[in-house]
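Heads up, the chain below is alone and in the form predicted on its own; it's given as structure tokens.
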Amino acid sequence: MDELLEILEDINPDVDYTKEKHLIDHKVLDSFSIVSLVSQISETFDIEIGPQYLVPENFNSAEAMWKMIQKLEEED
């Protein structure tokens, strides 16, 4: 989870990712941020995030992203 938080802080250091639960809904992350985030997560965790996972629910919070990452790692 620490690696994910580092990635998120690189994208926008002004957000408290441990508390924010509406990153997409509140437009904290925009489409460019999501593209960058998906790329960095894929590279860091050596996973492929398919189109079926590119839904707001998976990116609204660090916790949701972490659950998605764990699920994708289990599928490998």
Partner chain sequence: MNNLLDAFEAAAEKYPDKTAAACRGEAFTFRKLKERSARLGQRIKEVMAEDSSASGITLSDLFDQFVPEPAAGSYDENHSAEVRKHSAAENAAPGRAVGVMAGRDAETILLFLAVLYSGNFYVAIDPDMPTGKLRKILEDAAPAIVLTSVRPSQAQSAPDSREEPQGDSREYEALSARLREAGFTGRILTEDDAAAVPTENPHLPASAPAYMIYTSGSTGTPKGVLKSHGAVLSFQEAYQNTFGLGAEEIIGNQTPFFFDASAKDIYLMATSGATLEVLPPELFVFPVTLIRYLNERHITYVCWVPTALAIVTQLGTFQEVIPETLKKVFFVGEVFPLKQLRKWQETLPDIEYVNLYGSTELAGVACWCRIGAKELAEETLPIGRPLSNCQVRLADEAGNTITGPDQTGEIRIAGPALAEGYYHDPEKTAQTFVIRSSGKSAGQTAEPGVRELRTGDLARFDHEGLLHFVSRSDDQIKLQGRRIELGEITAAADRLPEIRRCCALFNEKRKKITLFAELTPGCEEGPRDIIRKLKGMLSDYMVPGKVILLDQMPLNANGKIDRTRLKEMMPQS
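Quantities reported herein were computed from a predicted structural model and do not represent experimental measurements. Residue numbers count along the first chain shown, from 1.
Beyond what is shown, the protein has a form predicted in complex with the partner chain; the following relates to that form.
Contact check for residue 38: a non-hydrogen atom falls within 4.5 Å of the partner chain in the predicted bound form. In the predicted bound form, at least one heavy atom of residue 59 sits within 4.5 Å of a heavy atom of the partner chain. The shortest heavy atom separation between residue 43 and the partner chain in the predicted bound form is within 4.5 Å. Using a 4.5 Å cutoff between non-hydrogen atoms, residue 16 does not count as a contact of the partner chain in the predicted bound form. If you take 47-61 and check each residue for a heavy atom within 4.5 Å of the partner chain in the predicted bound form, you get 51, 52, 54, 55, 56, 59, in sequence order.
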